[in-house]
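The data below hold one chain only, encoded as structure tokens and taken in the form predicted on its own.
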Amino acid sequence: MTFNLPVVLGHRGARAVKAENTIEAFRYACQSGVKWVELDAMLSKDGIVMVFHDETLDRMTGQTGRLDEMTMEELQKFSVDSIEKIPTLAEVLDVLNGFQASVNIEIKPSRAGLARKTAREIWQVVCEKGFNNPDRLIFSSFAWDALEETAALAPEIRRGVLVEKKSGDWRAAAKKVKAYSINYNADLLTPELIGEIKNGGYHLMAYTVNDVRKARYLRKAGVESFFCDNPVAMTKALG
């Protein structure tokens, strides 16, 4: 395979269509022809990499408590949106391998001190599933020390520095981790900022973009990739 940065990535699979970060969301995206998806990876109490976005369970399962205070076995007794179990990263990668799909794994340490450990455990699962292919994988994170860890473990895997309003100076972080891309909150992007990022030699990915007109505008301004909740519809709209 050859690495091609996708124009559209399925955000948490296809969260506008299926329950986010579930097997069904990733299967739907892949069956619909989406080549790249994005997911969130976090550790359970017993150190298993789970695919889940929030530190707490309330929003997606209706349960109370923190994900990192429960074991994988306990977590998989709960249903996401009353439909599906919380999957492990290993289970999701099995699905993606079945479709030869590619993935942006967002490393989400549930606590500040777990960034490097979370990165190491994710990398172990990636290797076990044969997903350690630089043409099929990107790591990203708001926890920039997690990206430092992946740079040491797997320098060949591309890294994206995630940036939001409360983030620090992405410039120093991007240089330190030898970032491939800057993954920026689309609502914060300006023509000047886009120019700075591109002139710095970085690829630019924007999240989360669901408005077609906005995507077209940003694409003309220099944004290369978009994380979208309905990747099928956005792919069709952008051609």
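Residue numbers here begin at 1 and follow the sequence given. Treat the numbers as computed from the prediction; the structure is a model and nothing was measured.
Just so you know, the form predicted in complex with a small molecule exists too; it's not on screen, but the next bit is about it.
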| property | result |
| --- | --- |
| Options 86-94, 105-113, 73-81, 150-158; stretch whose heavy atom lies within 4.5 Å of the small molecule in the predicted bound form | 105-113 |
| Answer option from 180, 36, 207, 170, heavy atom within 4.5 Å of the small molecule in the predicted bound form | 207 |
| Contact assignment for the small molecule in the predicted bound form, among 27, 45, 53, 198, heavy atom within 4.5 Å | 53 |
| Contact label in the predicted bound form: residue 123 to the small molecule, heavy atom within 4.5 Å | no |
| Any non-hydrogen atom of residue 101 within 4.5 angstroms of the small molecule in the predicted bound form | no |
| Non-hydrogen atom contact residue 144 with the small molecule in the predicted bound form at 4.5 angstroms | no |
| The small molecule contact in the predicted bound form: residue 137, any heavy atom under 4.5 Å | no |
